[in-house]
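We begin with a single chain expressed as structure tokens, specifically the form predicted on its own.
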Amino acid sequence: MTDPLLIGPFTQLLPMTNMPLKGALKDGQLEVIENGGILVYEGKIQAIGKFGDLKSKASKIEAVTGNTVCMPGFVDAHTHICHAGSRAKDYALRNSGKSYLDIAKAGGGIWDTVTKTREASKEELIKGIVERAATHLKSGVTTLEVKSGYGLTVEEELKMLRAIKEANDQIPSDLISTCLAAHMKPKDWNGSASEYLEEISSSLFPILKSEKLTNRIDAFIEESAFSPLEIGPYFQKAKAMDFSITVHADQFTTGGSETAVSFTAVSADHLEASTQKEVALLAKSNTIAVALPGASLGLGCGFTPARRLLDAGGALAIASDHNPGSAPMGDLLTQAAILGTFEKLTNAEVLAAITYRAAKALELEDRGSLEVSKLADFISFPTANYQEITYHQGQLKPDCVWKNGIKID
């Protein structure tokens, strides 16, 4: 049994507590503890407050020097970092005027990554995940979701999800896996889209449960993937087996967010094409709206209507969508800061969207804010003013990352 460890003092400590899950936030709602400290015991937070007030409770002190701003570790609620290959050619084609759908029809897009991922061994996939997760961790992301979806057969999806599970055992950060076997109908599938979904739900879902590979089922609802009508029975089976639902929704056309709300999905992600109708629908629901500004930057399209979603009373998270096609940057903080500029989001709204609101999009109650009994996942920036974090648009990086109270070198 370890002794209580006091870490600090931090010039400013932002616990990200006592703020609502839904709706707009003002910067005045951010609690800022001056000269703060965090008391850690067995990987969890035992106390938080003024550093001087906590000294008597600590057996050991891990001193922090210089000006520092501390806040919860970031949560990236939507990534595709399990993959093989590059889509640099797709990026060049888009910038020369070809559309995402044109490239996909010509053999590029998702199917190109499917081909390369199928060719890769599980060990190669694990190596790629570990390397990408390490980059995210250095940028302050202590928890990140990782999807399958580049296998598109039962065995290949299992290869991906097993790779994610094994990679999670090799790294300090936490990987939350999601099955995205409904990414698109495979080009080598001879039957209908509905028959493919039936095969996946009947053959793959039970194995996901028995091997405890994931408790999350995702689907891409779009013209290039699956219609709301096709995905309905798939989600019904997923819910009957007690899977949580999340949806790639409203990226190019609408319909996905309405399906997400009707199936009480945990989150609806993308939403670049959402109109006021979809904004109102999401705001009235308990489904978290997840903006993916990396996809907007990669595709050169408009951003998720984040300001309207918040003003309507919705819950907004921001994720990187780190993937080899539409969002290769993978820098959560940079993307969140840029979205904040274009959508006029307060610092409180941006930081909430990559901490406690993002944790909620993954149904994680033990992180995202710095509170007693929650995981001691936190990061510090070399500055005396938290406003500098978004001001530098992702160029001000964390100088220290703690996972479960342990400083990561």
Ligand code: NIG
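Every value quoted in this text rests on a predicted model; they were computed, and no experiment measured them. In case it trips you up, residue 1 is the first one in the sequence shown, and so on.
One more form of this protein, predicted together with the ligand, exists but is not displayed; see below.
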| item | value |
| --- | --- |
| Exercise: residue 321 in contact with the ligand in the predicted bound form, heavy atom 4.5 Å | yes |
| The ligand contact at residue 251 in the predicted bound form, heavy atom, 4.5 Å | yes |
| In the predicted bound form, residue 235 touching the ligand (heavy atom, 4.5 Å) | no |
| 4.5 Å heavy atom contact, residue 325 and the ligand in the predicted bound form | yes |
| Options 130 to 138, 333 to 341, 278 to 286, 243 to 251; stretch whose heavy atom lies within 4.5 Å of the ligand in the predicted bound form | 243 to 251 |
